[in-house]
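Just one chain is shown here, as structure tokens, and it is the form predicted on its own.
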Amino acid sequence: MAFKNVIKSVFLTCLAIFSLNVSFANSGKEKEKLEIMHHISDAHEWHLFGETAVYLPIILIDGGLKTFSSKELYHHGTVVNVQVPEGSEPIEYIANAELGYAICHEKIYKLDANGELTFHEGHPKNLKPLDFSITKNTLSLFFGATIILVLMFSTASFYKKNGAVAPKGLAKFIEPLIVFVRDDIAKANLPKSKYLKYTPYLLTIFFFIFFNNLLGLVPILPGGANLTGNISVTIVLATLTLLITVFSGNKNYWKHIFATPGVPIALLPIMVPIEIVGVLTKPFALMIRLFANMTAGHIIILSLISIIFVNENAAWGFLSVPMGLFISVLELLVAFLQAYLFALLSSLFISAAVEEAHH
């Protein structure tokens, strides 16, 4: 009976997520084409339903601190279409001469003396100020981090108040995941004397990726941006794993890189660069795996939904809706799997760095 309830809950959750995705895609149907990449990319505004949007603050350092709402560009600016050679992708940007800035491909540029942007091979040549704006992904990051902090502090507070008792409420959901990461990831792969030292980091990246993956399945709700499908986010997570691995490396680890045992000295000039490249490619694989999997899932779902609107025929829904719902259910598994793999591989890389020599 309990298993049936779980299946029912998962099905209804996925159906709700898919329905919201349909509404999201439908909000732009008045355009001649559906811009799928626009829906999963970062932006300075957050579209909700139809024409409803939240305009986020733009914060620039350009001869001093300058702040204004993105609405000043999106709605009070002038849309400029740049002439391009036939067969090339059209270029469009929004300029506000009064502010002296323009937005093109969601990046902020300074206008030149003529109040325009100049382009070279499809890219603006104008200067870019230092941009510390609160974008959709930034707001999503804050929202996801807040959820994680609330859940963790609530769980910790429960055990401080009640001691080592059977979990209740949120603790029933959080504790099994914490025990899973500790026992099946940290303890299973790291030396017994050191696994507790790295468990907090592995827990942090696991829950951060897992919750933001789930939030990314609903791209129109607060916190629902495609955060883990942004390569800037995944490269930071991968860099953290690289730094912990490098700074935790012991004598044995560095010896295998710069003086690999059993390798003739004549081959070391070849082996050392290969080993160094290997150190860098491991976190690179972490970065690409998370980015590619989460982005691909969003593109597939939105592409399936778009079939209905591209063909302007509701009959296509009999094909796209079941397939889209199936991918949405699959994405729930992928959300957990990608968090698990990132934490698992991070523990393996750290384990290789801290493992003592075996004789």
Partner chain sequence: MDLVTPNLGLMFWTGLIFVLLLFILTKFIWKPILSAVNTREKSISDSLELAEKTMAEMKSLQSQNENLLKEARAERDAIVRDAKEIATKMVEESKNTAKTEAEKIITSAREAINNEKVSAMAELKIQIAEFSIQIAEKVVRGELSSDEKQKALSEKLASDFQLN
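Positions refer to the first chain, counted from 1. If you're wondering where the values come from, they're calculated on a predicted model, not measured in any experiment.
Heads up, the form predicted in complex with the partner chain isn't pictured, but that's what we're talking about next.
In the predicted bound form, the one of 131, 92, 275, 184 near the partner chain [non-hydrogen atom within 4.5 angstroms]:
So the residue touching the partner chain in the predicted bound form, by this definition, is 131.
Pick from 248, 126, 137, 189: which has a non-hydrogen atom within 4.5 Å of the partner chain in the predicted bound form?
The option sitting close enough to the partner is 137.
Tell me which of 249-257, 265-273, 234-242, 95-103 has residues with heavy atoms within 4.5 angstroms of the partner chain in the predicted bound form?
That would be 234-242.
Contact of residue 41 with the partner chain in the predicted bound form (heavy atom, 4.5 Å):
Within the cut-off, so yes.
Just checking whether residue 204 would be counted as a contact of the partner chain in the predicted bound form - the rule being heavy atoms within 4.5 angstroms.
Output for residue 204 is yes: heavy atoms within 4.5 Å of the partner chain.
Give a yes/no on whether residue 80 approaches the partner chain to within 4.5 Å in the predicted bound form, heavy atoms considered.
Taking the distances in the predicted bound form, the answer for residue 80 is no, it never comes within 4.5 Å of the partner chain.
Is it the case that residue 175, even though its partner is missing from this view, gets within 4.5 Å of the partner chain in the predicted bound form, heavy atoms only?
Residue 175 belongs to the contact set for the partner chain.
What residues, if any, in 278-305 have a non-hydrogen atom within 4.5 angstroms of the partner chain in the predicted bound form?
Those in contact are 291, 295.
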